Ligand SMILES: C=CC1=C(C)c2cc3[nH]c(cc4nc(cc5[nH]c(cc1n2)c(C)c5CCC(=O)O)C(CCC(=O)O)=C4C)c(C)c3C=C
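To begin, one chain is listed below as structure tokens, in the form predicted on its own.
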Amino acid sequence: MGRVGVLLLNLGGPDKLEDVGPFLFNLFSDPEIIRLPFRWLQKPLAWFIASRRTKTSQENYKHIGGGSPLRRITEAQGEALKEQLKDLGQEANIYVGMRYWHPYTEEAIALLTQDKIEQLVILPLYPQFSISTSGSSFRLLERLWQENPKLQPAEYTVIPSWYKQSNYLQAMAQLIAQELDQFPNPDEVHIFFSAHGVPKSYVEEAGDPYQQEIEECTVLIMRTLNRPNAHTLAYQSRVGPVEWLQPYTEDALKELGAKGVQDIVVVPISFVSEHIETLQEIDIEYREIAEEAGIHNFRRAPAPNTHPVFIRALADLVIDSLQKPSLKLSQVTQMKKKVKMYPQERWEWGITTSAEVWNGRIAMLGFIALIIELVTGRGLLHMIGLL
């Protein structure tokens, strides 16, 4: 089989407060999804938006220790995966490739090329596929493969999504169960799944399978948990004037409070590592909303991080993919057509303030569209298009 490598893909996040500004600049400089009418406008606009948001974002990161733990956790997951694979008889080098901060995907590719990896498994740390997360990284990798002759001899295979993996479901069920058991009446606790949102147009116009995979994943986790608890699925981190997947987390929490629900366990279903969406947005912002709504017993299931059953799930995915026919980047789901990002409901802004959004490129589309309109005087409908 030759030398085997595993490339773990993730978003990335600022390691310290000084990194927040450059990190945001990287987010908003991405031309893959935000198409501007003038190429020269991309970076100046990214600088303008990042400059406006840096101070607020830094305040949010101060609440969680001054930086994102995402790199540390992802590297720990990589080390644990390497050991688990070794125990299963599969030697492999592990590489971490972040989309918007160090270690960048390009850095990981340079390392695995230097190591002369002959068989590569590309494994995004997003259980469910979205064109805005895994898809963005896959598009970058496809371009790198086309531009770098040294990559051509390497055989590779892609794992687009893996939310059905049995050990992943088991790990999620165990993490939920341990929180339920902290309550006096565990069976009466409401389980609240909170997934990162995406604009509704991604699903309806571009054919993004994300919503379907999230909904199916929720059903599978509840089936694996095999407990009688009621549950809700909602979507967090909405920002901007466009309509995102609903129900929104803040609205769903208020609705449960109005119904008299007092005990709740929040499950960050689309996240496998702790970062600002879990530590700041859920643990601080949504907790406050829940308490104001009358939900006084609020707990959160931790992200899988390096949970041993979760690491076994990743190892099984790698081994299974090495034994199956390879799946190429060009075969992975892509945008079907252009998607216009314009206000589809009343003009309003999301209430959450977290900076390290699961996909910062889409989280600020509404703001970007507004700035472009102000700068150029041209309509949103003609200005913003997505590949």
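Don't overthink the numbering: it's just position in the shown sequence, from 1. Please read all numbers here as calculations on a predicted model, not as lab measurements.
If you look for the form predicted together with the named molecule, you will not find it shown, but the lines that follow are about it.
Kindly check, after superposition on the C-alphas around the site, whether the named molecule taken in the model of the complex would be blocked here (3 or more of its atoms within 2.4 Å of a backbone or C-beta atom) or open? After C-alpha superposition the pocket is blocked.
Within 4.5 Å, heavy atoms only, which of 168, 193, 286, 126 is in contact with the named molecule in the model of the complex? If I apply the 4.5 Å criterion carefully, the residue I get is 126.
Quick one: does residue 57 come within 4.5 Å of the named molecule in the model of the complex, counting heavy atoms only? Residue-level check for residue 57: yes, a contact with the named molecule.
Would you please decide whether residue 45 lies within 4.5 angstroms of the named molecule in the model of the complex, comparing each non-hydrogen atom pair? Outside the cut-off, so no.
Heavy atoms within 4.5 Å of the named molecule in the model of the complex: does residue 198 have any? Yes.
Check whether residue 9 has any heavy atom within 4.5 Å of a heavy atom of the named molecule in the model of the complex, and answer yes or no. No, residue 9 is distant from the partner.
Report yes if all three of 161, 213 and 310 come within 4.5 Å of the named molecule in the model of the complex by some heavy atom, otherwise no. Answer is no for this spot.
Can you pick the stretch from 146-154, 288-296, 114-122, 202-210 whose heavy atoms fall within 4.5 Å of the named molecule in the model of the complex? Among the candidates, contact is made by 202-210.
In the model of the complex, which residues of 125-163 put a heavy atom within 4.5 Å of the named molecule? If the 4.5 Å heavy-atom criterion is applied to the named molecule in the model of the complex, 125-163 yields 126, 130, 132, 133.
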